[in-house]
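Just one chain is shown here, as structure tokens, and it is the form predicted alone.
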Amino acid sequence: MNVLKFGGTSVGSAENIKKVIAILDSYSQKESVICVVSAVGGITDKLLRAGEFAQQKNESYLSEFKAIKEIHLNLLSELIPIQNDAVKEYVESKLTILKSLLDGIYLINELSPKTSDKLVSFGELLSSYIVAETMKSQGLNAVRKNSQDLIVTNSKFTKAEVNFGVTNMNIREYFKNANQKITILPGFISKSDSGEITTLGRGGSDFTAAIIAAALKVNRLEIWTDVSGMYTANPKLVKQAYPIERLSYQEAMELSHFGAKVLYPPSLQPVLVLDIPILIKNTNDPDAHGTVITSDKSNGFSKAAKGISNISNIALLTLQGNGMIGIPGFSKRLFETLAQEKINVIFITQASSEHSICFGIDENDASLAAESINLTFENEISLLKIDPIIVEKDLSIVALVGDNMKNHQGISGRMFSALGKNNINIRAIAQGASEKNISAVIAEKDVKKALNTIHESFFEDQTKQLNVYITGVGNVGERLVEQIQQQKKYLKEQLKINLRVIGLSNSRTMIFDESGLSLKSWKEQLASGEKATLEGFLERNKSFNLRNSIFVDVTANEEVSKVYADYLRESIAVVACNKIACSSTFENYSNLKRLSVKYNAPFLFETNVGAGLPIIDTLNHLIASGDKITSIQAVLSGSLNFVFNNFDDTAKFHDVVKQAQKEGYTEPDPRIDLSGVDVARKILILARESGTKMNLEDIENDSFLTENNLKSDSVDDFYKTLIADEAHFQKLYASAKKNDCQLKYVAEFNGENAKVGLKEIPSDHPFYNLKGKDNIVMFYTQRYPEQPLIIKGAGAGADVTASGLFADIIRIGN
């Protein structure tokens, strides 16, 4: 014989009831089946609400009753559309009795626990009748048996205690003589030994099923719901969560206590005592394996942790004071006070110093708890021995659960490290000596991020999710998005990085998708996106509060660079090809570095110097390994190198600069490149990364431009001055040619000072044969005193710059 229990969602619609019937029919082909059903989803709440309205003399109870009536009659008409007069008449008669009960509550404006039990019993009585009659109409051998005839309790209304001696005898006697293949039982309801209607309290339908299963000593109890078992985490908050194949009773109870709503463990006590396995199944996916719960603690030994759960709306209360140290009895008085007020304590932790006791309760009980505790300790508070109770709200508890965690070292460290890296502040910690549960109190706003972070660390084969927000999707930004789309599969399979682009912005519009934007149609989406603002982009990033978030700046905008600090304070990593921040005041540069460390948010800007070349990364490795930079010589402008590699006595300087701009090697305003300021910023960044305190004005800039060029008011005016001063540029070329040299714009740093300027490079110098838009950097260090460490390659261009940004993103992932 099988015992199956179907919850409210499983009988919440005609479609779902048909699925239930199909499952029962399948089972009954092999052996008899007992089915316990809950009220139709949402009906119990509606009944209670109708009762409360009636008690308050609020005629809204009539609207609630009308909704209850319509739901059941609609179900009936969908399930038994033909020849259902007798069935409909029975249901309407029960609804008439329900209406009379509500009218009575309204007239006397009183709703006692006894009346409340009678009121809510209508939910299960109606649902079980409809299911049974539907099965009969389909020719199935089904009978509804009223659980109130079997389960006998005391008269403790709303949470009656079962008389198991009488109840077990009733159940065995009934089923010994029952011939039907399918028996439908209403869950939750019972009768007292004096014949009054009672209910079994929270988890009552599970309790009914467990009582039946235990009395008949069946092989297992099946709980059918709307999910395929108990999950590694709440699948509504953690999309990567998956069903747990096997759990021990203790693990299931821990997960259920901490928010997993599939089970209410106390209601399953009858089967736990008899070691009857429990199977959690999905009505909507009956072929899914589900979760098996047994007494076997070796279930799934390969994983130390089995699942993560959480309880929201927690208040954390702290009793503290020097007067508590060494004085016995404080804990006893504290918890006696809470018990007297019927306040349930969910979480407790106490420092070994005995200076404080911290505990978590439901937020709704916080005011009453604080008032009662302060009254209990009124004398000690007045004598300044202890402080008035401290109350913190808007908190949640997250718990990592598993029987085998005690056999694995470093579990708690791994959990807290993962949370800390994502700036999730832990307010309190509790871990029992059994190590079945590690709990942490965190801010309610961080719950989703915390669950995803822990789940990623323990349950996702070390795949790390990166959530990227890109501002500035012009030439370089577009190539970056293309590279991400192209490499997405490779990153996931080979590097275990799940890279998602969550937000995109240009100067006009911005778009977001918390689950990841489609990179196939992002241009179309962005064209019709919402108006872009720096504040809006940041706020959306903060509101999503996703783990491992990265802000990518692909602009040359000073205003964008000013918001880096705001991102870092939110533990959001920053990747930038924008040089303005790192070449701004030394105080700002240092502050960004400090914030990066403080909030554990990487601040990477490899593309500030040399586009995709690993210049800054190499420099950082040298410094980190204990080497010291003695000097740096470099050609750091791909655009200037392109210009002087293509300029000679057969070409006009104006035309070469125009070509460089057209091919994307210069900024839209070429004065930024040709003035040498861009190169000065780059050598400044390298000097700072070498450990030297320096500002942009400290760098000597020997400009090769004429005074007319430098004073030009616009880009067009600048180009006119280039034409006018062509003789000046030809003179520079002629001098270099005469000396058998190449013109290169060189940046130099000698360990203390830096300068940039145009130089004639002789043929035996490493810079001489530098072609196209290439950059070259020579690091002279204590370890490389004579032959420098040289890095050389393309230092400009959309593709290489994008690849440099991409490399920084991957570096964060690793």
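For clarity, a rigid core is taken as the largest C-alpha set superposing within 1.5 Å between two forms. Counting begins at 1, following the sequence as shown. All figures in this text were calculated on a predicted structure; none of them were measured in a lab.
We do not show the form predicted together with ligand ASP, though everything after this point is about it.
- Shown alone, this chain has one stretch from 166-174, 537-545, 203-211, 492-500 that lies within 4.5 Å of ligand ASP in the predicted bound form by heavy atoms: 203-211.
- Heavy atoms of no residue among Q633, N750 and F779 are located within 4.5 Å of ligand ASP in the predicted bound form.
- Among heavy atoms of T44, some come within 4.5 Å of ligand ASP in the predicted bound form.
- When ligand ASP is considered in the predicted bound form, A39 lines it closely, a heavy atom lying within 4.5 Å.
- For the chain shown alone, F188 is a contact residue for ligand ASP in the predicted bound form, at least one non-hydrogen atom being within 4.5 angstroms.
- Shown alone here, E124 lies within 4.5 Å of ligand ASP in the predicted bound form, counting heavy atoms only.
- Relative to the superposed core, I189 undergoes a Cα shift of 2 Å or more between this form and the one not shown.
- Remark: with the core as the superposition reference, the CA shift of Q633 between this form and the one not shown stays below 2 Å.
- Once both forms are fitted on their rigid core, the CA atom of M778 lies less than 2 Å apart between this form and the one not shown.
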